[in-house]
Each structure stands twice: as C-alpha cells, then as structure tokens.
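Quick heads-up: it's one chain on its own, the form predicted alone, in structure tokens.
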C-alpha cells in the first residue's frame, strides 16, 4: 500500500480549531494516512508584516494541540532546515524521505489564487496534489485545474477564527477556550506567548 501523506503548512501563530477541522476533514475525505502540520521556520510572506512568535514556541504549541488527534502530527522539517520556509523545498525533502508516498498539499481556498506567486511553484505543482479546503458555498478552484494542477476539494464548516484576534485575546487575558485545543491553551500560558499583544 502506498502511503498518502498530507502536508498542511502554516505559521500557526497560534494554531486553532479551524486548522484542525481542515486537517481531520482533509484526512478523512482524501483517505490520507497522516497529515503533517508543518510549522514554518521563517514565513517569508509574513516576516515583514508583523512580529512572529519564535519557531520553538509555535512548534511546541502545535505539538500540544495535535497531541490527541489521530493521524495528525506536528512537523519540524522547515524549522530543522532553517532560514526562510518555502513549500517547494519542503516537498522536495518529503519526496526524498518518502520516495513511494503520494504527497498532498492542503491549502485554504483563499490561498489558491496566489499560488503562482510562490517560490518555484512549478515544483510544487509537480510534487503534490492540491487539497483545497473550501467553505460551504465557495466557488470551486476551477482556475487551478485549468492550469494543470491536480486538485481535490474538501468542504468544511465555515469557522470564522482569526489568528490575529486570538493573539489579541491572549494578550488581553480573554478566554481562548474552544477556539484553541485545551492543551494548546495551556502551552500558550506556560510559555507566556502573546503577553503584551505580541
């Protein structure tokens, strides 16, 4: 049997239940053996727009949040590699490590139109099948299939959760319960993440 691996990359600053809903629904719909929540080391698209929590803190938070979720795991490959995080590099390394596996790249529907701005997006197109996580009623990603991408679509409930709002809530001492898994909330508090609005 060929292993089917989903890669769901992100800053995860912080990870929240919307990310996990996307991961578990993608795993179920696509029959994936596992989904790796790949934590970006230096997210090049965000590095100049705001202060990003340390990679070690974000990895610890993802590890805590996915600890009890079957078939979902934290990935540190981009952190271990160092420098700016590019999906093309990650997929190349995953292909080298798992030569027989089928790779699936899980992205949000809102990211799909910007794929051609990614570094070496042609390699991404060759190495992985895209799993576009759509909200109910969102238009299907036809423009991707027209451009030669292998695309599957997974519809998930529309959960309006914003990482920037969660950081503000944490800084203000407001509840994070049910927005972030309980183990993740404990990790945020133990590591004093987002204190003072960071």
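Positions refer to the first chain, counted from 1. Just so it is clear, the structure is predicted and the values come from calculations on it, not from any experiment.
If you look for the form predicted together with adenosine-5'-triphosphate, you will not find it shown, but the lines that follow are about it.
When adenosine-5'-triphosphate is considered in the predicted complex, residue 145 lies well away from it, no heavy atom lying within 4.5 Å. The closest heavy atom approach of residue 164 to adenosine-5'-triphosphate in the predicted complex falls within 4.5 Å. Proximity of residue 107 to adenosine-5'-triphosphate in the predicted complex: non-hydrogen atoms within 4.5 Å are present. Within this chain, residue 22 lines the site of adenosine-5'-triphosphate in the predicted complex, having a heavy atom no more than 4.5 Å away. Residues 4, 86 and 151 are none of them found to lie within 4.5 Å of adenosine-5'-triphosphate in the predicted complex, as judged by heavy atom distances. Shown alone, this chain has one stretch from 91-99, 67-75, 109-117, 122-130 that lies within 4.5 Å of adenosine-5'-triphosphate in the predicted complex by heavy atoms: 109-117. Taking a 4.5 Å heavy atom cutoff to adenosine-5'-triphosphate in the predicted complex, the contacting residues in 1-31 are 8, 9, 10, 11, 12, 16, 18, 19, 22.
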